[in-house]
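Starting off, we have a lone chain in the form predicted on its own, written out as structure tokens.
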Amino acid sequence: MATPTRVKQQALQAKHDALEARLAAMTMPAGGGWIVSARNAALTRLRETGLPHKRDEYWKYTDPATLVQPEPVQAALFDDDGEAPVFGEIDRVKLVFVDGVFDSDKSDDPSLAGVEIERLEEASTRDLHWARDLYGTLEARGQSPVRRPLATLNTAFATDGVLIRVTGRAAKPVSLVYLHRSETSDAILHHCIKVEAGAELTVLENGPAAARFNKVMEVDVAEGGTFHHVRAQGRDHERRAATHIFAQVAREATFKSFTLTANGVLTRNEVVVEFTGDDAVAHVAGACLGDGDFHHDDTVFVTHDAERCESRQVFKKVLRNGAIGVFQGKILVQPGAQKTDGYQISQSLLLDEDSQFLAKPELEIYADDVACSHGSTSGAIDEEGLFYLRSRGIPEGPATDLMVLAFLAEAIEEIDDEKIADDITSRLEAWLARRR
């Protein structure tokens, strides 16, 4: 029988074997001095840790095998039947990527957003660029205390992305649209966003992106800055994705992110937020709808390292027909981070007995004057509430949909823009109606 030490050694070897197999199938993109340095540093970190393995603590609920293997699993293309695009009614500046490749013909003029926007592929050929101090920096800091090797792989091998620098209030939201056109595409994108002091920006994201998608977004919100992020992950059911957001939030700054996920055989969304200045705010929220062969993982880590900061984690998942939802959320309060206000809630609505919700909420507190709470629940539809709606003449299907929407409402309320929130709600209603 294998000893614990032997098992650990075998798992470590498997992580490094997976890495070498993956690296053998990849080519590091060309670039100038600043990005070559960042990529080489990431590759060094990656060789120290290897790729994630099912035995890793933060991967025990989600098998990363198809995310780390050399070639992506083939993913069938989705026919949207002429459905209007997400955020189609929002006045925005679209930047379109098709299977991870920028498409200028489908994109709008970036200057219409009133901010500085460049592509990573173009900026990386220069010797100097403002992104030099951001690219890979927050990702590297986010590796402690929990390793995130898929993000490190991204920093080393990302082929493109956008670099956005905001010095005032953006004229329009920047909308990143990800189209999936090849059943075997394997896209790696890396975005860097710098919100200067007092500036404000909204970033929208939507689309399935590729058969397999690895994305990193690094966000630096300076003193008094505001960053809003709303994402709708694509409906291609066979897609697989690992996404990462690394954010640092300075004094009196605001960071807010919301994600809607419907469909997708495997999705892992990681968010790592660090407060670096007093009186700052960070909210991370998500609404998830899963049906059948569906595995959705939200992993969030918020570090309070300043005074009087507020964080909220609000995640709601609706699951049926054997779908699996995962939530791993942590609030870390460092010594001296007094007056911290940390709130975390993760809840699932299981519409049958075959679905699962796996939760790991955590608080780690080293300050004595804080208000932190977490809660996690899982349950079925409220039969009394359903009976009440049906007794008022509402058929069972629409009545159930109303109950589901009411359950998801707390997460959707985290979206500040009413028009965007209405668009998200309409998507949820349409998804539910199609599956009655």
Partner chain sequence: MLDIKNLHVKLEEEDKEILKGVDLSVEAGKVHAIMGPNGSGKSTLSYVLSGRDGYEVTEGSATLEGADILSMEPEERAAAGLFLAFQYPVEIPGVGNMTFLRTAVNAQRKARGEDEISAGDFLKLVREKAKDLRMDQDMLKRPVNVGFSGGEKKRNEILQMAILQPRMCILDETDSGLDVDAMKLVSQGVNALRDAGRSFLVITHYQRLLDHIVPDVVHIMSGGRIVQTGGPELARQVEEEGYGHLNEETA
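The shown structure was predicted, so the numbers you read here are calculated from the model rather than taken from an experiment. Numbering follows the first chain given and starts at 1.
Here the subject shifts to the form predicted together with its partner chain, a form of this protein not shown in this document.
Of the residues given (Val68, Ile394, Ala41, Val370), Ile394 alone sits with a heavy atom within 4.5 Å of its partner chain in the predicted bound form. Proximity to its partner chain in the predicted bound form, taken as a non-hydrogen atom within 4.5 angstroms, holds for one residue of Gly385, Gly379, Gly33, Gly375, which is Gly385. Contact annotation: its partner chain lies within 4.5 Å of heavy atoms from the stretch 398-406 in the predicted bound form, the single such stretch among 47-55, 398-406, 60-68, 33-41. The closest non-hydrogen atom of Met28 lies beyond 4.5 Å of its partner chain in the predicted bound form.
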